[in-house]
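Presented below, as C-alpha cells, is a lone chain in the form predicted alone.
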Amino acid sequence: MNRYVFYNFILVSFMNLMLYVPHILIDYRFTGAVSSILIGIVIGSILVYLYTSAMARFPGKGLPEILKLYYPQWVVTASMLFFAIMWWFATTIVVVAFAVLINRFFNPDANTLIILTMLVIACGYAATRSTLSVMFVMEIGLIINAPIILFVLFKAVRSTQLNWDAIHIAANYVTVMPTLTCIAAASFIFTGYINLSLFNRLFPPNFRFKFRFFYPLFGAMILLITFFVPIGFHGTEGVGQYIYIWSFTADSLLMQYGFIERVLFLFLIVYLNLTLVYTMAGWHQAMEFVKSCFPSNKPEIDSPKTPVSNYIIVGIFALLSILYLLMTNEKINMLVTSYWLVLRLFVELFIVVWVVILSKKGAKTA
C-alpha cells in the first residue's frame, strides 16, 4: 500500500517539470532561487513527515471524515469548498497550459479551445470513477511513463552538451537571500503528500507509512535537475528567454540509437499522459470534497455504480476550465500561477498544522 503514497508524490514531482515552476525559479536564478530551493527542500520534507505521521492516526479516513469528528457541518462545508477550489485550480492550470503547449509544438493550426475540450472530456470522465479506480489508473500511468521520464532526465544529465561551468556560476548565487515566491515554487515538488487528504481512505487500520526517507531524496534530486540542467544547456543568460523551458531542453537532446531522433516529441507525449492522470486525480479529489459538503453523503472507495452527482460536479469543473482558458492568456496564467503557488504553500501549512493538532487531540481522547 505504501506504493500508492509514492505514486502521488512521484506524479506531482514529475509534473513540476511541465508547470511554470522551472520558469519561475530560473527567473530568480540570480536573486535567490538557489537558496530558496534549499529552504524549499527542508520545508517540503518536514511537511511530508508531519502529515504522514498525523494521517497514520486516522486510518481509512480522509480529511472530510476527520473534520467531521471534531467540527459542525458548516465548518466542514466551508473548508471542503475552499479545498475543492484549490485542488481544482491546481490541475486546471496544468491542463490549460498543456493545451497551449500542444498547440505550440504539435499543431499550431489547431484551435486551443478544441484541444482543451478534448482533454477535459477525457480527464472528466476518468475523474468520475471510484477512488480505487482512480488510484489504479494513476499506477498504470506512472508504470508506463515514469521510466521514459527518468531516461530523458538521465540523458540530459549525462549529455556532453551540458555546460557545468554555467551550472557552477548559477550555484554560486546560493548566498543571495531567498524569496517567498521561489520558496513556494521549490516546495511544490513535495506537494504530492497532500493528496493523502483523500486517498488516506484506501489504507487499512494497520497501515504504516514506510521509507519516508525516499521523499526528500527523490524530491531534491528532481528539483535540482529541474533547475540546473536547463541552465547547463542554454547558459545563465540564454535560459531566461524561454517559458516552457523543459520543452526546449528536451528538444536539445538527440537519440543517436533509436527510431525517435528528437526527444521533444517523446517527452511531450509522455507528459500528455501524465497531464491527463494528474488532472483526473485532482478533479476526483475536488469532486469528493464537494460531495462531503452534503450531510447524507457516505464516502465509498469502490462504488459499484457511478452517482449522477459525479458527472454534474465534474461537468462544472470542465466548464470552468474552458472558461478560464477563454479569460486568460499565457502571461496572465503565469502571473496567476505565481500567486497561487504562494497561496498553496500557506494553505498546505495550515492543513498540516490543523491535522497534526487534531491527531494529538485524538490521541489524548483515545
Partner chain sequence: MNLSIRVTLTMLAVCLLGGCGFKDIDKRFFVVALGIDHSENEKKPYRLTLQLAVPSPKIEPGASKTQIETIDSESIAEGVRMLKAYVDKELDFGHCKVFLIGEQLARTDYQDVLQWMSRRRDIQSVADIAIGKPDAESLLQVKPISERYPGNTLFLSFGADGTESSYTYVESLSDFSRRSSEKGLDPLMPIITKDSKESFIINRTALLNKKRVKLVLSSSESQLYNQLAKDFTKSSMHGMFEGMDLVVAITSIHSNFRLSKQNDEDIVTMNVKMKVIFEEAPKGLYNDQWGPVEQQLNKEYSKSCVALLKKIQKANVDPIGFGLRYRATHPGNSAWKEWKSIYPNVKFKVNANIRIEGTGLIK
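What you are looking at is a predicted structure, and each value in this text was computed from that prediction instead of being measured. Positions refer to the first chain, counted from 1.
The protein also exists as the form predicted together with its partner chain; that form is not presented, and the subsequent description refers to it.
Peer 1: Judged by heavy atoms and a 4.5 Å cut-off, are 214, 221 and 294 together in contact with its partner chain in the predicted bound form?
Peer 2: The answer is no: none of the three residues contacts the partner (heavy atom, 4.5 Å cut-off).
Peer 1: Thinking of its partner chain in the predicted bound form, which stretch from 269 to 277, 146 to 154, 187 to 195, 225 to 233 has heavy atoms inside 4.5 Å of it?
Peer 2: In short, 225 to 233.
Peer 1: Identify, from the list 85, 100, 137, 169, the residue with a heavy atom within 4.5 Å of its partner chain in the predicted bound form.
Peer 2: Only one option qualifies, and that one is 169.
Peer 1: Would you please decide whether residue 262 lies within 4.5 angstroms of its partner chain in the predicted bound form, comparing each non-hydrogen atom pair?
Peer 2: Within the cut-off, so yes.
Peer 1: Any chance residue 132 has a heavy atom within 4.5 Å of its partner chain in the predicted bound form?
Peer 2: Answer no; every heavy atom of residue 132 is more than 4.5 Å from its partner chain in the predicted bound form.
Peer 1: State yes or no: in the predicted bound form, is some non-hydrogen atom of residue 311 no more than 4.5 angstroms from a non-hydrogen atom of its partner chain?
Peer 2: Looking in the predicted bound form, residue contacts with its partner chain include residue 311, since a heavy atom lies within 4.5 Å.
Peer 1: May I ask you to state whether residue 252 is within 4.5 Å of its partner chain in the predicted bound form, using heavy atom distances?
Peer 2: Although its partner chain is absent here, residue 252 would touch it in the predicted bound form, with heavy atoms inside 4.5 Å.
Peer 1: Taking its partner chain in the predicted bound form, which residues along 81 to 104 bring a heavy atom to within 4.5 Å of it?
Peer 2: Contacting residue: only 104.
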